[in-house]
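In structure tokens, the next block holds one chain alone, the form predicted on its own.
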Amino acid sequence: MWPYPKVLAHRGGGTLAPENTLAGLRRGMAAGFRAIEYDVMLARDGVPVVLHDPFLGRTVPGSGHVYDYDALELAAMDAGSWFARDYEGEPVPLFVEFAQYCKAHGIWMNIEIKPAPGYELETGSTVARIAAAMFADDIGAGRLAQAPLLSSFSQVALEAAREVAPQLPRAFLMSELPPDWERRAREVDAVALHVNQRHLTRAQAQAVKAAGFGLFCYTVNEAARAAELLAWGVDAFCTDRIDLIGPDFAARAGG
């Protein structure tokens, strides 16, 4: 059973706004989305920030790694002008402020934990601890579908998240499903597998569902492929093309 939204805006605004920014989030909201996938990693001082790349240069001008800077230094950097001049000065969000904005506006979150090498345990535990505190009321009342879903490619990060916040649901990210996917998912008590849609087969989708897991795909940008995946039993997906694939796509496609 997948209790979460079925179509998520990838990194906020998909290809219509700078990724992993409040401006991107607002763009996704303007398109009707109330569910988002985004990435979190730790700055040098251990404060989590919303960024995808572990290094500067693509979405944020500069050089070096994210963990070469404190969070407030990163928050003062420009994460918008790479996308368009209209977004110049859009800051790198702190995780807490970004998540609070989502919660205040009823945006469900799939938070991808993206630890820098060697920081898997610290990143997983920090993100999970903050998310659990932020949603303590929902968790205490049994409204787990309101709480974020934590996902990661890192088994260590997922294990750390489970250690500090076992009540928060977890999903194992795997680009391609390895032969031992079920064992690995059960080792972290994952509720779902998140896979690259390009590598998924119908038989794999059926196997994941038969094993009792939720199944989520990234990143689906063609309506025909989205419909096919839903027909295979895929529960949900994220998309960059929020202009082509709306939040109600699954309902309209019968998924």
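Given the structure is predicted, the values throughout are model-derived calculations rather than measurements. Numbering starts at 1 and runs along the sequence shown.
One more form of this protein exists, namely the form predicted in complex with a small molecule; it is left out here, but the text below deals with it.
> Which of 26, 209, 52, 65 has a heavy atom within 4.5 Å of the small molecule in the model of the complex?
Spelling it out, the residue with a heavy atom inside the cut-off is 52.
> Pick from 173, 77, 177, 134: which residue has any heavy atom within 4.5 angstroms of the small molecule in the model of the complex?
Contact with the small molecule in the model of the complex is made by 173 alone.
> Answer for residue 153 alone: is it within 4.5 Å of the small molecule in the model of the complex, judged on heavy atom distances?
It does: once the small molecule is placed as it appears in the model of the complex, residue 153 has a heavy atom within 4.5 Å of it.
> Look up in the model of the complex whether residue 218 has a non-hydrogen atom within 4.5 angstroms of the small molecule, and give yes or no.
Heavy-atom contact with the small molecule at 4.5 Å: present for residue 218.
> Among 33-41, 220-228, 199-207, 183-191, which stretch has residues with heavy atoms no more than 4.5 Å from the small molecule in the model of the complex?
Checking each option against the 4.5 Å cut-off leaves 33-41.
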